[in-house]
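Only one chain is given next, in structure tokens, and it is the form predicted alone.
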């Protein structure tokens, strides 16, 4: 398999999961802008990362699809939900919240130009992004509680995605410090050997 990624993006979550699984894979970490070149657009016409090219050449895109695919393909890694049908939907529910609500709430911060034409208003828009994020992070804080993992207190692909979101929270005025459970979770992830390896290959510091 081959993972296409860029530093600082949600593709890091897929990279971490591949490291957890322990199967051979290649990774191409592109520079900003490379995702708009014809070579990559032939792989993923949307120009987004991650994209995962399977052994047979099939390409999967969108972390919300790639992560459960990996969990189900490599069940021996134990990164999915429990074995019940309801468990699969609970994982899908959590990934939908992380990708469709929490991730989306960051977009005004990272891409204010998509929302406003007046650059003079960018600062206010970026600040408001963290006002919107606060209750979402509070929900995750409550859900995690005293546990070590975000889904039924067992490691899953969702933990990798939660981790990348918490790295982005470094941009908030107080970072992740207002959320003790999430802070503990992030600290544990920072010393996970698979996370350390993924960060090194992604050209990202281990501590944000």
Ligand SMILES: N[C@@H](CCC(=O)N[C@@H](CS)C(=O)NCC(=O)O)C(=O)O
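These figures come from a predicted structure and were not determined experimentally. Residue numbers count along the first chain shown, from 1.
Although it is not shown, the form predicted in complex with this ligand is what the next lines describe.
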Between this ligand and 63, 103 and 107, in the model of the complex, does every residue show a non-hydrogen atom at 4.5 Å or closer?
yes
Looking at 150, 160, 49, 176, which is the one with a non-hydrogen atom within 4.5 Å of this ligand in the model of the complex?
49
Which of 152-160, 177-185, 136-144, 28-36 sits within 4.5 Å of this ligand in the model of the complex, heavy atom basis
28-36
Give a yes or no for residue 16: in the model of the complex, does one of its heavy atoms lie within 4.5 Å of a heavy atom belonging to this ligand?
no
Is residue 6 near this ligand? Define near as a heavy atom within 4.5 Å, in the model of the complex.
yes
So in the model of the complex, does residue 10 come within 4.5 Å of this ligand, heavy atom to heavy atom?
yes
Within 94-122, which residues have a heavy atom closer than or equal to 4.5 Å from this ligand in the model of the complex?
99, 103, 107, 111, 114
